[in-house]
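Here you get one chain, nothing else, as structure tokens; it is the form predicted alone.
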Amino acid sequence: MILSLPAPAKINLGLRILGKRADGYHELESVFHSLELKDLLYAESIDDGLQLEMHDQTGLGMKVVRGEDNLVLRAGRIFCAAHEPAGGMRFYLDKRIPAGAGLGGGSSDAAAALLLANELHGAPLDANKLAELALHIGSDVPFFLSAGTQLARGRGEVLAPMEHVQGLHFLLIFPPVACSTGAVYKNHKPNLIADLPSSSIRSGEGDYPLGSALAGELGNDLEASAMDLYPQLALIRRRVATMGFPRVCMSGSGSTLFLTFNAQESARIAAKTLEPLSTDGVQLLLTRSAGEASNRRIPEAVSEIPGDQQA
């Protein structure tokens, strides 16, 4: 049996750093929102071991890790340690989300690998156990087990589902620089100030309206740190603003910048306006909110793996 599952990208509609925790991580609040942009992961049972083949279509960001450190294989090892299945698994990853772009591609792939492995073996692990395993891989991996739109607290693992708004359109702006998540967090200082939206995610008593996100007012506390570390990123952000889009935002720890629109045509006009940035190596991609969110992402049975067909 061969199973497949999309691994959607996400953006942070807002991100606030509340302080440093005793365990060395940062306490944050963020709104995670999944996108139609996605990788596609396939899995099948094999006699023994774990295998990963990959087709990287991005041409952007950092080089995707292909060895034992790839998060798909790490997820496979963690699942096997928790369940000890007979036999092994082979994964094939159709990679479309740039690495090092703040879009959660690797984390999404890892979550998909956990869900596929669990389904291949008759779903022995419940949702709580899968979330526990996901957190061992990365702070935002639990989000991708269900995706949609969620309010994230703690390290990003304390999740509260929000109404998933569909029909938002995004212009993703990929600068020719990849940001190191660890470096951006380490460089974060509360006194780092940039010319960025400064209003809080919080509104009233714990209400987080997506209307503020549409207005570009949620902001991202990591932007100043990323711009400080990567001057080229700061330069591109300023150029986007001066070309008529001052509410450009950064996703996660960067480097992806994005603009949010209610209408697809508005996003297309923005993309046309920003085309001159391509001379500086900037690439643009139009996408939109992912489809209707579900509490359980169910793998789909398929007849073959694309890589086998290409071979």
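This one's a predicted model, so the numbers in the text were calculated from it and none came from an experiment. All residue numbers refer to positions in the sequence shown, first residue = 1.
Note that the form predicted in complex with a small molecule isn't included here; everything after this is about it.
- Here the chain stands alone, but in the model of the complex its contact with the small molecule, taken as any heavy atom within 4.5 Å, falls in 134 to 142 among 227 to 235, 134 to 142, 77 to 85, 168 to 176.
- For the options 155, 121, 95, 239, the one in contact with the small molecule in the model of the complex, meaning a heavy atom within 4.5 Å, is 155.
- In terms of contact with the small molecule in the model of the complex, the residue from 28, 43, 35, 257 that brings a heavy atom within 4.5 Å is 28.
- In the model of the complex, residue 150 stays away from the small molecule, with no heavy atom inside 4.5 Å.
- The shortest heavy atom separation between residue 146 and the small molecule in the model of the complex exceeds 4.5 Å.
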